[in-house]
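One chain comes next, on its own, written as structure tokens: the form predicted alone.
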């Protein structure tokens, strides 16, 4: 099995307000895939589609080499899922919630659950209604990991959690991946958090998959260039020009934001009669913002 998740030409429309538009996405098996995008970009909707909770208007979905929705019974037995909103029962204690949850998963590992309870400092006797947001987040990751999933799907798992709890949740996840080779699909708008852990990244905006590429390519391939005597047309450029603007509104020097940059591309500018004056690395968050900005219509960028 080469890919854990495959979405092809996924479309779905919610009235006039929002639509997923031709989303095709591939998550290689064994990778940690970061699904980035601002709130409302379609991340959770996409997850609900491949988790079988929503039906697309068109397109196809395969998860763990099974079709969705036909193979969902087998898929769900092999997937650990932490949803955007907690799926626990306030009236139960932590230990009661664990016993209820484990009854659905034949691969549940009691010893691993007990170890996670200790590592994450989860009190088994605490009523769920009395748990803090951070404690609830730890319980959710425990429930997902203790079923020994082949695929772990995390929808904003650390949103609103303090830095210590975020570190505990991510450390437990990474330790499990290191031990088992499981695939992780993690949705977030916290760019720097994913930078440290992900192999691949997909970027959503307004229902579109704007980009999908290895994390190293994303981090190293987006640059800010300063160009003097820039050509009017760039159709033959070896890189993808995301945006260009004249410096200070006057003069012959422009600032370009480019994607898929390699150092060997410097020769392009001499060939078109321009001078490349500077190449500046962008951090991941700056690259993410520039990618979103360039994908939006001019009218939206001016708002």
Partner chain sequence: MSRLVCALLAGAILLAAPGAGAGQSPGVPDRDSLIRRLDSLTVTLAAAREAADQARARRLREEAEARHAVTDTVFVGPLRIITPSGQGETAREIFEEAWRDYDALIAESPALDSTWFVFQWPAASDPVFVPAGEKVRDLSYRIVTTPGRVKETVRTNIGAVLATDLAGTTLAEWFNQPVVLPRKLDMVYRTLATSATSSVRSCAAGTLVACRSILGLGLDDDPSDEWYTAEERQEFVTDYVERMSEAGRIQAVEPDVLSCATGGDTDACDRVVHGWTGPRIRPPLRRAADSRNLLLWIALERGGREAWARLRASAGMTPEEALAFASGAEDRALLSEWHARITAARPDAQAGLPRSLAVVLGWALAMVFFTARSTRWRLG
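All values reported here derive from a predicted model rather than from experimental measurement. Residue numbers count along the first chain shown, from 1.
Beyond what is shown, the protein has a form predicted together with the partner chain; the following relates to that form.
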Exercise. If contact means any heavy atom within 4.5 Å, which of 29 to 37, 256 to 264, 51 to 59, 238 to 246 contacts the partner chain in the predicted complex?
Worked result: 51 to 59
Exercise. Any chance 12, 72 and 76 all have a heavy atom within 4.5 Å of the partner chain in the predicted complex?
Worked result: yes
Problem set entry | Any residue of 19 to 38 that, in the predicted complex, places a heavy atom within 4.5 Å of the partner chain | none
